[in-house]
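In the block that follows, a single chain appears as structure tokens, in the form predicted on its own.
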């Protein structure tokens, strides 16, 4: 089947070594429940969830263990059957730590029962929203915004199109690719439910051209889903940034400081849509997620379904561990937007898209090298920014000046750091500047 028209990336961006061949042909494997999980109370944008269990309580897989606080929050559920040991601290990628509910696994396994229903029927809008909220679904591409809020646009915002973001432009990561191939029925169903919830007529699944098998398969299957189309995108980083995705697919420009709703669009991640289908149809909570464990320094790169709260150490060891015990770096997320870590106890969260082990040759951190004023960072920036100028202000304690020249407009895609001939850690500095600004606001 011939692929239809290919939409182009609007401005800036870069072509990256993809490294996806390590796992793109690896079907999703289910990782067994670990001995213990540390489930963070804050895996989302907004207020942390409030624990409703205490040390000594027995909990079942899928049981709510922390309630949402306020409108912008999300419920948290137990990912294993076990006994609550208490509240513990776990380091998070970057700076800071998580407050986590520590659960020790029971020896007995209990299978979750699923009720058979007619998946051709569409529930009422409030039923969809309530089940999504009850399941604790958030944006699982990394943004972490509570999905029940996104499915409740203000009355004045008339949404006409829902886009499923299947670009997956980060190197190494193949989570969305595998879900597109293996769980497309849930994906189409989830998109239909999102359309119903926000009142949209059109649904588009946007996929980069480096996943031709997924594009061809879904374009064929889309014939059974009126109002849904599959759109191919050229392969360019960062096509997964939602504002650029909207510009490429619909030729609509989201105004500065606004959300996609401002141009009548809602964007959801592939795995988010799949989870919506499972939550609405079977009332399944988010207790696991699919992630890619990859890298040239890893023995057995894989795509895994992992219980939330599993440690990075358990995940890496399940994939055989590093090839060389000394010569590697661990990144949680993708190599462009993820964070380098040195603590193996960091838990998998709802937003963890990958764990990547890269070799010393691939990892560069040259903080001491000066900027040579070549301007390449500005040429590739998809937000029309001058990262070298912004970071100069940050590093010289001129935070207000960095804000004036666009610090908060940065989407942290990492294109600037990748293209920099001095290999300066521009993204780390940009993130630090944002963190300082948020701290000042509080």
Partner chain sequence: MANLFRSSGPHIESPETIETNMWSVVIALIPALIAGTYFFGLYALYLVLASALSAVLFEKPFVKSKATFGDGSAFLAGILLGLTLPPVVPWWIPILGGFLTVVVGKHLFGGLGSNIFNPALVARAILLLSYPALMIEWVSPVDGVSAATALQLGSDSFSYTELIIGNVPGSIGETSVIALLIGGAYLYLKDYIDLRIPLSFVAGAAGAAMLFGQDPVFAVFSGGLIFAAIYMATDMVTSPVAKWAKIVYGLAGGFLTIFIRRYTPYPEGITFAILIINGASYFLDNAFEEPHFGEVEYVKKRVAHFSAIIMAAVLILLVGMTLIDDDDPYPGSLTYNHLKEAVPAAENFEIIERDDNDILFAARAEEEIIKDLVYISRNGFEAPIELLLSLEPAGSIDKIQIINESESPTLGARIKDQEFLSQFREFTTAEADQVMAETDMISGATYSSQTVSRGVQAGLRLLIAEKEAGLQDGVYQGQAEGAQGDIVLEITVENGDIVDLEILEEQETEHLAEPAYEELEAQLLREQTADLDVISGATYTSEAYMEAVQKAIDQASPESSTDGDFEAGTYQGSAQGHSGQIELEVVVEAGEITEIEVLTQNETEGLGDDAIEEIAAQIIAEQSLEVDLVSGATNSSEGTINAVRNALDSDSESAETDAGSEEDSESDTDSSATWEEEDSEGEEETAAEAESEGGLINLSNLDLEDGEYRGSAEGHRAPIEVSVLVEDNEINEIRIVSQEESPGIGDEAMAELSQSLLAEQSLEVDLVSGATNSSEAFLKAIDNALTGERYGSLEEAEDLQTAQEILAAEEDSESDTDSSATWDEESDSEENAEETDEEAAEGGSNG
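C-alpha atoms forming the largest set that superposes within 1.5 Å between two forms make up the rigid core. Numbering follows the first chain given and starts at 1. All figures in this text were calculated on a predicted structure; none of them were measured in a lab.
What follows is about the form predicted together with its partner chain, which we do not show.
Participant: Counting only heavy atoms and a 4.5 Å cutoff, which of 139-147, 91-99, 262-270, 76-84 contacts its partner chain in the predicted bound form?
Facilitator: The contacting stretch here is 91-99.
Participant: Do heavy atoms from each of 211, 222 and 225 fall within 4.5 Å of its partner chain in the predicted bound form?
Facilitator: Not a single listed residue reaches its partner chain in the predicted bound form, so no.
Participant: Of 53, 28, 385, 47, which residue is found within 4.5 angstroms of its partner chain in the predicted bound form when only non-hydrogen atoms are counted?
Facilitator: Flagged contact: 385.
Participant: Using a 4.5 Å cut on heavy atoms, which of 235, 340, 300, 152 is close to its partner chain in the predicted bound form?
Facilitator: Exactly one listed residue reaches within 4.5 Å, namely 340.
Participant: In the predicted bound form, does residue 22 come within 4.5 Å of its partner chain, counting heavy atoms only?
Facilitator: No - in the predicted bound form, heavy atoms of residue 22 and its partner chain never come within 4.5 Å of each other.
Participant: Quick check on residue 395: any heavy atom within 4.5 Å of its partner chain in the predicted bound form?
Facilitator: Contact with its partner chain, yes.
Participant: Evaluate residue 284 for contact with its partner chain in the predicted bound form, applying a 4.5 angstroms cut-off between non-hydrogen atoms, and reply yes or no.
Facilitator: Because no heavy atom of residue 284 falls inside 4.5 Å of its partner chain in the predicted bound form, the answer is no.
Participant: Does residue 253 reach its partner chain in the predicted bound form, with heavy atoms at most 4.5 Å apart?
Facilitator: Heavy-atom contact with its partner chain at 4.5 Å: present for residue 253.
Participant: Sequence order please: the residues of 409-428 with a heavy atom within 4.5 Å of its partner chain in the predicted bound form.
Facilitator: 409, 414, 417, 418, 419, 420, 421, 422, 423, 427, 428, in sequence order.
Participant: Once the two forms are fit on the core, has residue 430 moved its CA by at least 2 Å between the shown form and the other one?
Facilitator: It does, since the residue 430 C-alpha is displaced 2 Å or more between the shown form and the other one after the core fit.
Participant: Taking the rigid core as the reference frame, tell me whether residue 52 has a CA displacement of 2 angstroms or more between the shown form and the other one.
Facilitator: Comparing forms between the shown form and the other one, the residue 52 CA shifts below 2 Å.
Participant: Would residue 403 count as moving between the shown form and the other one, using a Cα shift of 2 angstroms or more after superposing the core as the test?
Facilitator: Yes, because once the rigid core is superposed, the C-alpha of residue 403 moves 2 Å or more between the shown form and the other one.
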